[in-house]
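As structure tokens, one chain now follows by itself in the form predicted on its own.
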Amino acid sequence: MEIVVCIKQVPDAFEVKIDPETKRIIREGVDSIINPYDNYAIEEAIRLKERFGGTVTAISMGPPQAERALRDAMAMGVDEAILLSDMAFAGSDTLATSYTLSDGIKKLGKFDVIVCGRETFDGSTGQVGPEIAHHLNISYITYVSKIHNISDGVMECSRLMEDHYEELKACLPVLITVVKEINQPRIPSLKGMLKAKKAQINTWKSENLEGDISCYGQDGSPTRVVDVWTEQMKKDGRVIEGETEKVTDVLFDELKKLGIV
């Protein structure tokens, strides 16, 4: 079985910096990690290989430094890794990103299962996975919390909803997005880390893909970030002095004005 896992490198920070001109995240000089949800996707892809056989290929779109995330994935047990890196891909929104990734997956050739995290830490849209499936014209299941079986070209799995689970089946090839309840990501072994350090990671540029160049990067992005700002929280403090009964009355009146009581 041929398994593909899509991952992304994101800033390892809660307060990201934004370029005031381009309105894009500043990634230079900022420590980066594998998108947290993608660790569960990597683990599940490896478990599928262990259960049903086959190979796992990780694919990522990003700047050259995103190679580190792919090596971390290989240290966990991924067999091969592909980096899609080109200035032509810069400024991609979710549609352009999914189009580029789908072109990379097409170039890989045969695939049975594509695994993605439910969303990314820096965007939180949850759109890229389903959009990849759309570009590839295959079925997809989101929020997968457990894969029960894959047999005779059919996947059986559970899908986590807000207050219940759904039991679903889908014919291969299929794309799934996974939630953190699906597994516990493994810690890479020393052997795995040494192997990943020496592994060759292929980098594909726009000319290596067979897609429409106008669908890549900012030109292929129908959405634009017009402005970005940090919400300013204004807090006013007031000290109430006096006897307990007086303080209680004043506090009650203030809460009543705010509509809290």
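Residue indices: 1-based, along the sequence shown. Note that the structure is a prediction, hence the values are computed from the model and not measured.
One more form of this protein exists, namely the form predicted in complex with a small molecule; it is left out here, but the text below deals with it.
Student: Counting only non-hydrogen atoms and a 4.5 Å threshold, tell me whether Met61, Cys116 and Glu119 all contact the small molecule in the predicted bound form.
Tutor: All of them do, each having a heavy atom within 4.5 Å of the partner.
Student: Name the residue from Thr142, Thr94, Ser158, Ser85 that puts a heavy atom within 4.5 Å of the small molecule in the predicted bound form.
Tutor: Checked against the cut-off, the match is Thr94.
Student: Just to be sure I understand the contacts: of Val128, Ala81, Met76, Ile182, which is the one whose heavy atoms reach within 4.5 angstroms of the small molecule in the predicted bound form?
Tutor: Of the candidates Val128, Ala81, Met76, Ile182, Val128 is the one lying within 4.5 Å of the small molecule in the predicted bound form.
Student: Just one stretch in 147-155, 182-190, 134-142, 119-127 has heavy atoms within 4.5 Å of the small molecule in the predicted bound form, so which one is it?
Tutor: Among the candidates, contact is made by 119-127.
Student: Flag Thr223 as yes or no: does it have a non-hydrogen atom within 4.5 angstroms of any non-hydrogen atom of the small molecule in the predicted bound form?
Tutor: Contact with the small molecule, yes.
Student: Hey, in the predicted bound form, does Pro36 get a heavy atom within 4.5 angstroms of the small molecule?
Tutor: Judged by the heavy-atom cut-off of 4.5 Å, Pro36 is in contact with the small molecule in the predicted bound form.
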